[in-house]
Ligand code: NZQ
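To begin, one chain is listed below as structure tokens, in the form predicted alone.
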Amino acid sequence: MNIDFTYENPTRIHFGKTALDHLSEELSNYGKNVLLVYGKASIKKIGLYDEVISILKKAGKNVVELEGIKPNPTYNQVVEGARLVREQHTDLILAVGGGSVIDCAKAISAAAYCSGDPWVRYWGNMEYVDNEVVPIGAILTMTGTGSEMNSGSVITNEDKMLKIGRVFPMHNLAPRFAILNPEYTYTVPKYQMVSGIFDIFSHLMEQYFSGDDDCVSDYLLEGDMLALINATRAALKDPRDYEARSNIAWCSTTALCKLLAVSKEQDWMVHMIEHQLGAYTDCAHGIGLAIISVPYYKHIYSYGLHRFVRFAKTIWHVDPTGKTDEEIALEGIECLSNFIAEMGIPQHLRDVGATEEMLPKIAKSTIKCGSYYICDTPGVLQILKEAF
């Protein structure tokens, strides 16, 4: 553990089939006015909307709704939510849905009482949030982002063609509580299920492929990856396998609650490229990550060869006999590619709405970062061309 760190996580998790039973006790900690934020009609189809509304009414809450949050939540939706918070004097923002809904709730909370232009201050300049914020609660219906137990928020500014993620202060913009019942994820279509699963896997790899110090975090990351692979294969056979779906849900939460990242430099370049892909195509986040990951890791593996060899042997059980380190590392990346195909994820950017004309724009607007190696714009463009 060669990097000093401070760890903090204020979110209280209620996990399991009876998790919603805890909503009433959580609501008792907040005032009367609740902004209920959710996506499309899915929470109504599964009956969760009616259950939540009933609990809110029994608790004596005044409820205002903001529905229709997109899979890539937009800044215009943030602005609308911030307006409602100010007008209704909101005491709690309750996000019901997947990570996009929770991300949007965090952004609304940060922006509502911001002095100045929230986009410029909090997504452009990445300033510290120094204004009043509104507490957030979450009820999860789709796993993937881990947003239920962290302070990250990814927002798309459609006018500027930018999709930017940032991490807000944990102590005031991580959800105060989160309700995770894996049964709520059963009705998510397979395409969205595997998108969320690869988002989880990518979170783990972004943290894993950094440093060679053999720290505790590396072993925890490997454990999460192995658990996720096993649970994914079970869920592909039976999407209503509670054990599998609960393990996927907890892998998602633990993957990005910061615990696995301590003492890690981290990479995040795959996410940066996909964010701009999402800004131009509205591609499902995890699907874009899967398509970009293989060409990206083939581009940078030689700079972190030791870690890619470990990944191949530990995660994919590659037999190293008679092989060079380079051959082992590349075989591990090929195993990753096979796992993506096993989930039925598209293999090419052209399959998710990207065009050749978009690629230079995506490459130019991508925020450059990395651990073992930092790609420049021509490097990002080459990766996109290989993914296309």
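One rule holds for the numbers: they count along the sequence shown, beginning at 1. Remember, predicted model here, so these are calculated numbers, not experimental data.
Below, we refer to the form predicted in complex with 5,6-dihydroxy-NADP (NZQ), which is not included among the displayed structures.
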Sole residue of V154, L92, V309, I179 within 4.5 Å of 5,6-dihydroxy-NADP (NZQ) in the model of the complex, by heavy atom: V154
Partner-contacting position among K40, K57, K361, H348 - heavy atom within 4.5 Å of 5,6-dihydroxy-NADP (NZQ) in the model of the complex: K40
Contact segment among 236-244, 79-87, 100-108, 221-229, judged by heavy atoms lying within 4.5 Å of 5,6-dihydroxy-NADP (NZQ) in the model of the complex: 100-108
Contact test in the model of the complex: F168 vs 5,6-dihydroxy-NADP (NZQ), heavy atoms, 4.5 Å: no
P73 within 4.5 Å of 5,6-dihydroxy-NADP (NZQ) in the model of the complex, heavy atoms: yes
Partner contact for I46 in the model of the complex: 5,6-dihydroxy-NADP (NZQ), 4.5 angstroms, heavy atom: yes
Touches 5,6-dihydroxy-NADP (NZQ) in the model of the complex: Q192 (any heavy atom, 4.5 Å): yes
Every residue of T145, T187 and H203 near 5,6-dihydroxy-NADP (NZQ) in the model of the complex, heavy atom within 4.5 Å: yes
Members of 270-291 lying within 4.5 angstroms of 5,6-dihydroxy-NADP (NZQ), judged by heavy atom, in the model of the complex: H271, H275, H285
